[in-house]
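The chain that follows stands alone, in the form predicted on its own, written as C-alpha cells.
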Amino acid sequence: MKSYRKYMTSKIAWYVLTFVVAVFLNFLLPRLIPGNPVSTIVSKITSGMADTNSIKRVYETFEKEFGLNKPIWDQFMIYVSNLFHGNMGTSFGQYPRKVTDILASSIVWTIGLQLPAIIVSWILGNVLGVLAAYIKKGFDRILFPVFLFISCIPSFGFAIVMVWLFAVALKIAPASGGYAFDMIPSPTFSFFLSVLQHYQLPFWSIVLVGIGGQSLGMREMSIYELNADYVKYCRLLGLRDSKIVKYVFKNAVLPQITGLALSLGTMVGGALITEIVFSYPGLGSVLFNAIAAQDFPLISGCTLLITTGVLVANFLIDIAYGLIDPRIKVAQRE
C-alpha cells in the first residue's frame, strides 16, 4: 500500500504540473492571435457613427469591461482567480453571454454525438476484428481492408464525402446543422425528428472512420490469443468454437478497453473538424467561430475543457492500472 501511495503521489504531482502549464498556455496562446477583438466589436456597434469621441468612449468601455487595458500578467491573475470561482469570463463575440453558458449548451451536443459514436464504433470494430482473425474468409479479405482503408481517410475528408454523397447527390439527408433552421429547440416530436435526421451523417462519419482502427487492434490481439497454448488445449478437449471465441475475446479485448477509456476521455474534443464540416452546434463549431471572432475567453474555455477531459481520462486509467496491473505491482516492490 505504501508503494502504491508513492506511485499515485508522483502521478498526481505530474498531472497537477501539466494542468498548471495547460492553464497558462490556454490563456496565452489565444492572445497571440494577430488583431484586436475590441476593435471588431466596436466597429459593429458604432457603424454609422461620426463622433470620434463617442467611438473612443465606447472602445474604452469595452476594453475596461474585458480587462484588456491591464498588463498581460494582471490579466492572467484575474483569469486564474475567476477560474477558482467557476467563471471563465464573458464572450467577446457573443457579448454579454458568459463562456460557461455557451460551453454548457454546446457540450451537450458534442457528447450526444461522440459518446454513442465511440461506443458503436468500438463494438463493431472489435466484433469485426475477432471475426477477421477467427473466421477469416470474407471478413478478413473484404470487410477488414475496406474499413481499414476508410480509417486512413482524414475525418474531415470523409465527412465532406458523406455530405456530397448523401446530402448533395442522393438528397436523403440534411447537409448541415443540428436541426432545421426554421425550428426553435423545444421538447416536441417534430423537433426530435429533425435532430435525428441531422444526426445521421456526422454520427456515421465518426463511426465508420473509427471501426478500422479498432478492428486492426482487435484482429492482431485475437491472432496472438489464438496461437496461445490454452486455445490448443481447448480444441483438444473438444470445446465448441463459439466457446473458444468467447475466451479469446475476453483476453484480447483488455487492451481495447484502455483505448475505449482514452477515447471517452477525449470525446469532448475528438470530433471538432467533423462538427465544423457539418456545422453541428457542438464544441467544434463554437471553437471555430471563437477563433474567427478572436474571442479569447471562449477559445480558452474550449481548450481548457478539452485538456481537462484528456487529463482526467488518463488519470483514471493510471489509477485503474495501478490497482490491477501486476507488472506495476512487481515494479513497486523492487
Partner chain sequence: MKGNFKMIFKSGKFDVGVAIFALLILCIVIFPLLNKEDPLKMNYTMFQPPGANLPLGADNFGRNELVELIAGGKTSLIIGILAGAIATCIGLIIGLSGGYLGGLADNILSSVTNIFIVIPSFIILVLISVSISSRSFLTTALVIGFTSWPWTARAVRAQTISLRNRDHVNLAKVSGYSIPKIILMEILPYIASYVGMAFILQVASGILSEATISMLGLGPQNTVTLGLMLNWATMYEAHMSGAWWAFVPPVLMIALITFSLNLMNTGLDQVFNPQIRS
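Numbering follows the first chain given and starts at 1. If you're wondering where the values come from, they're calculated on a predicted model, not measured in any experiment. Heads up, when I say rigid core I mean the largest set of C-alphas that superpose within 1.5 Å between the two forms.
There is another form of this protein, the form predicted together with the partner chain, and it is not shown here; the text below is about that form.
Partner contacts here mean any heavy atom within 4.5 Å of the partner chain in the predicted bound form, and among 183 to 191, 89 to 97, 163 to 171, 70 to 78 they occur only in 163 to 171. Residue in contact with the partner chain in the predicted bound form (any heavy atom within 4.5 Å), chosen from V38, I306, A293, V58: I306.
Between the options L83, I153, V120, V127, the residue in contact with the partner chain in the predicted bound form by a heavy atom within 4.5 angstroms is I153. Taking non-hydrogen atoms only, F288 approaches the partner chain to within 4.5 angstroms in the predicted bound form. Within this chain, H198 is remote from the site of the partner chain in the predicted bound form, having no heavy atom within 4.5 Å. Within this chain, F144 lines the site of the partner chain in the predicted bound form, having a heavy atom no more than 4.5 Å away.
Though the partner is left out of this view, L148 does reach within 4.5 Å of the partner chain in the predicted bound form, counting heavy atoms only. Taking the partner from elsewhere, no residue among S10, Q214 and I244 has a non-hydrogen atom within 4.5 angstroms of the partner chain in the predicted bound form. Residues of 201 to 238 placing a heavy atom within 4.5 Å of the partner chain in the predicted bound form, in sequence order: R219, E220, I223, Y224, N227.
Once both forms are fitted on their rigid core, the CA atom of F288 lies less than 2 Å apart between the shown form and the other one.
With the core held fixed, L148 shows a CA shift of 2 Å or greater between the shown form and the other one.
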